[in-house]
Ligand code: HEC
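In structure tokens, the next block holds one chain alone, the form predicted alone.
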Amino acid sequence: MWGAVAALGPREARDLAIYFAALHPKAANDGNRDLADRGRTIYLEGIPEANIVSCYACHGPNAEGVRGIPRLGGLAYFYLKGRLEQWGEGYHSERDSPMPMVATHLGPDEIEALASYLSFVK
């Protein structure tokens, strides 16, 4: 992507950002449908016995993102799964991000379910 946008000036970059921001997101629909119900439960209710709060609390009821917290709904299954696994291994997305602490408590089955569910959210 860097090569494709390297020659853009500030005005062109702003115009492209406005254009892309106006597009309606489409769901990737590439997760495992059999796991989506479990993922929805985790997203909306968390995992109380593991002291994991719901994703809904920060990312919104439809995974649309809230203020500076990103949208998760409709992102690709493999992207979501990979990020959750990385955070679970201690990689940080940014300073003071809560995601590594949350993800360390998610097992592979929970990650699969969450990533599957979120890939179907519109």
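Position 1 is the first residue in the sequence shown; the rest follow in order. Please read these numbers as outputs of a predicted model, since none were measured by experiment.
From this point on, the text means the form predicted together with ligand HEC, which you will not see here.
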Thinking of 59, 102 and 106 as one candidate spot, does ligand HEC come within 4.5 Å of a heavy atom in every one of them in the predicted bound form? yes
Taking ligand HEC as it sits in the predicted bound form, is residue 70 near enough to touch it, meaning that at least one heavy atom pair lies within 4.5 angstroms? yes
Mark residue 53 yes when one of its heavy atoms lies within 4.5 Å of a heavy atom of ligand HEC in the predicted bound form, and no otherwise. yes
Whether residue 83 contacts ligand HEC in the predicted bound form should be assessed with a 4.5 Å heavy atom distance threshold; does it? yes
Quick check on residue 78: any heavy atom within 4.5 Å of ligand HEC in the predicted bound form? no
